[in-house]
Structures are given as structure tokens and as C-alpha cells.
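Here's a solo chain for you in C-alpha cells, the form predicted on its own.
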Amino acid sequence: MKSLLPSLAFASLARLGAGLRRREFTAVELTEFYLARLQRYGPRLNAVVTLMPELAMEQARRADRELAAGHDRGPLHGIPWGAKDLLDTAGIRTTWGAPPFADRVPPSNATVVARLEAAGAVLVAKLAMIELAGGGNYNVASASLTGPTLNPWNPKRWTGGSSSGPGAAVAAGLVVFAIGSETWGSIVNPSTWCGITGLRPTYGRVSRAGAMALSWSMDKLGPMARYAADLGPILAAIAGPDERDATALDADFSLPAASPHRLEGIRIGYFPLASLPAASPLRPLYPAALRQLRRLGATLIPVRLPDLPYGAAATTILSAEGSAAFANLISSPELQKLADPTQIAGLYAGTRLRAVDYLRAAQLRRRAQQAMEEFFPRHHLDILLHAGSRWLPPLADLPFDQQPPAQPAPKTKTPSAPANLPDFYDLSGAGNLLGLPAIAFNIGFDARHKLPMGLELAAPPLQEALLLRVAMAYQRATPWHRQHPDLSAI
């Protein structure tokens, strides 16, 4: 049985679940297999903060006993997973990726951790992250307790942040899935650069009780996996109201009801190719992805967002709320232990924001919410589409402001967008400010560096099932999500 396991390192949730129920392998064997991969590759990628073999084996043995007795908790039963290290785990350190909290041990589990345990999932590791989820901004990939998390596709490159460990661990086949967090791009960004599939749920869809607070009005928790089809069962297990989190929504989530093979009737608004800078390595891949969606039956409509300062408003809100969340740290000498001076300066700067600036940003957010509520029906849109990231991941050993210049612009007859793109071409800023759900997935590899590139799809609130349907249909028709990095050189 164990000889079968190496071929399953990058298998889907459904394949692993079927193998457990057919007794091709046990949950204990599966857990031992992933723990061994974490021990071998986790330190090389700087992806793991804490390995949890004792807890994992206890949970795996329980899963085997229950499955043998006919007590099936569902599709996550016996499946190994990893948690971004801002989710509390009872009696096991939760560091928030930051040296000042390196020895922090919470007394209880985060709600998400408890719900996954109730679903029978097996927690094998706490995964690396940018310190404090980048709350004060940061300029180096090494702004983390574990150092720069390296990209499994090319270990000279970074994974993206702040869910860097989840991105690397899922891409490298060290866990079946992970839970990350996003305040501004922290699920979409590493999912794109690591060639995996990440789902940012609607604000409030998933309880944040027991998760590190950065921005109370923008923080979101969501699943990251290799296959879009894996994300729905994970979201179903963790979503829902929670008495520990007053912002958690009492809203049902159901898996996509329609067949994921075709997309007839779905109208997707997209930003034109000119919204990508001329040197972006995504430019050759973007038109092919649009053509594929059309072949699947979707109707594509060129659009631009209402012209509002989404990014500026989100920056102000994040800075103010982040500095409030870490007020005790900012007033303590412990602040100087952070790895990146940019982060220290950013947290200080947030304390200097005026109340009137925060209130104006909140007013802008309300205007943007009203504009977006009108935008989708006015254009008869179901979904918005654009780049997951316009650029390749940076080199891990250089500050972000010292990276080599972008590759030469390809010859094209399409006019290029300005270097600083306007807010009406920024899904990440608008989506996070407004709490919209989004999904990121791989659409191919850049020709020069062979690194994954991806798309981001966003939808109105609580439309995660529609996003999953589109991503699942795209993945059924394309091979990109089934490719995985060669770890032999790592």
C-alpha cells in the first residue's frame, strides 16, 4: 500500500478520499507520507514553522477507527492539511510569523481549526507567513520568522505573501490543502505565483475567531489547494455563523449545482489586454485564457470598474486598523524585533493617521459598495476577471525595490497601459475593500522562466459557488493545474 503513496503526492481530495474508503491506504499511512515530505522539503523551502506529528497521528488514528466503523465525517475525513501560522492551535505555538511572538502558545483552537477537526481533517503543520501578515507593509521576502519562503517552481524566487507557507506547501505536495488569510492579496498572490488554486471568501463567510487580527473590516480566511474542485468541500466545512465572531454570516454555502463542464449563460466582465503593462509576462497567456472561457460557453464583455480610489481607501483603512490591532506591540520595545524595518516604520505611521482620514476612507468604501452593487446588474455581469498578478515573483534574496527591471516588452500592436495602473483596473484593491469573493488559478507558464501565471475572478458577495463552477470548468478543459514542480533540485 505504501508504495502507492508517492504517486499521490499531488492527488486531488476526491482521489485521496476514494483511496481511504477503498482501503488502498490508511489515514495513518497518508499522514506519515505527508509528514515525511514536510520534514524533507519544508525546511528547504522555509515553509514550515511547526511540525505537529503527535497531534497529526492521533487525529489520523481516530480517522481510521471511525472510517472502519462506518462513521464517515465527509470528504475531509483523514485528509492532511496545514494552517497558516496566524490560526490558533491549543497548546501549540502560533507565532504570527513574527519574532516578538515566537513563543506565543494559545489556550484554544481557532474556530476554523476546530471545524476542520470536526470534519475529520488531520492537521500536520503550522505554515510560514510574512510577519504580522504584512500589516505595516514590507520590502523583503525574509520579513518572516522562518526567512523567505522559497517558490517550489524556482527556489531562487519568492512564493508571494503573506500566505507564503500555504502557497509553497500546497504547490510542493507537502499538504493536501491549507488555510490562508487575505486582507489585501494574501491568498490570491501566492496562489498565482505558486500555480495553485486559492479561494478568498466573502467577508464574513468564514469565522475569524482565534485568527490574528490585522484589519477587522477586511480580514478573510480561505482555502488553498491544487484543484478548484477541492475548495468547495473545504469552504463548506469552515463557513457559517459563530458566536465567537459577530461578523460571521449566517448564510448557507452549497457546492455548485450546475455541471462544471460548460459555462453557457455566465457573463464575465474582463479588463482588456491594454490593462496589462507591455512587459507583463501574462500578456501572451491572457488572450488564450479568454478564448478558452469563450469555448466553454461563457459570454465575455470588456469593462472597467467605476472610477473610484479603491486602493487609496483600502490602504488608509488597513493602516489605521492594523496599527490599532498592534497598539500594544507598537508601544513596546518588542516592536524592534520585527525582521523588516519597513514594517516597523509602517506600523508607526499608522498611528499618525487622523480620524478624519479614516472616516473619509469609510465613506469612500460605502460609495464604492453602492457603485459595485449597481455595476454588476447594469452590465448584466456574473463575474469579473483580470490578472492574478501582472508580474513574476521577485527574487527571494533581494529587496523588492532592488529587483532587476522587467523583461523587455514584447512586440505588440496593442497599446500598453501606464506603469501605474488606475484603480478601475485593480480587482485586488476593489475586491478586498468591498469584501468580494475571488478565486485565483493557473492559466499557464511564462515562456522565459517557466513560472506559473494566473487569473483572478471576483463575484458579488456570497457567490463562491459560481466562482468554483467557472474555475472547475476551466480546469477540466486545461492541463495547467495538474502540473507540479520538480523538487529534485531543492
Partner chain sequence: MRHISTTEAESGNGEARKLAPPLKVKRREFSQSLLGMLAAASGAVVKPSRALSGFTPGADVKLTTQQIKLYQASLPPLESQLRKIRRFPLGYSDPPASVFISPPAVVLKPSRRP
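Positions refer to the first chain, counted from 1. These numbers come from a predicted model, not from an experiment.
Keep in mind the form predicted in complex with the partner chain is missing from the figure; the text below concerns it.
S.K.: Just to confirm, with a 4.5 Å cut-off on non-hydrogen atoms, which of 142, 109, 275, 316 contacts the partner chain in the predicted bound form?
M.R.: When the partner chain is considered in the predicted bound form, the option within 4.5 Å is 316.
S.K.: In the predicted bound form, which of the listed residues (115, 283, 77, 365) lies with a heavy atom within 4.5 Å of the partner chain?
M.R.: Going through each option in turn, the one that passes is 365.
S.K.: Honest question, do 311, 349 and 380 all end up within 4.5 Å of the partner chain in the predicted bound form by heavy atom distance?
M.R.: Contact check passed for all of 311, 349 and 380.
S.K.: Within 4.5 Å, heavy atoms only: does residue 376 come near the partner chain in the predicted bound form?
M.R.: It does: once the partner chain is placed as it appears in the predicted bound form, residue 376 has a heavy atom within 4.5 Å of it.
S.K.: Indicate whether residue 400 is a 4.5 Å heavy atom neighbour of the partner chain in the predicted bound form.
M.R.: Outside the cut-off, so no.
S.K.: When the contact criterion is heavy atoms within 4.5 Å, does residue 265 count as touching the partner chain in the predicted bound form?
M.R.: Judged by the heavy-atom cut-off of 4.5 Å, residue 265 is in contact with the partner chain in the predicted bound form.
S.K.: Is there a non-hydrogen atom of residue 429 within 4.5 angstroms of a non-hydrogen atom of the partner chain in the predicted bound form?
M.R.: Looking in the predicted bound form, residue contacts with the partner chain do not include residue 429, since no heavy atom lies within 4.5 Å.
S.K.: Can you tell me which of 338-346, 286-294, 146-154, 91-99 lies within 4.5 Å of the partner chain in the predicted bound form, counting heavy atoms only?
M.R.: Careful reading of the contacts points to 338-346.
S.K.: Quick one: name the residues from 354-375 with any non-hydrogen atom within 4.5 angstroms of the partner chain in the predicted bound form.
M.R.: Contacts from 354-375: 354, 357, 358, 359, 360, 361, 362, 363, 364, 365, 366, 367, 369, 372, 373.
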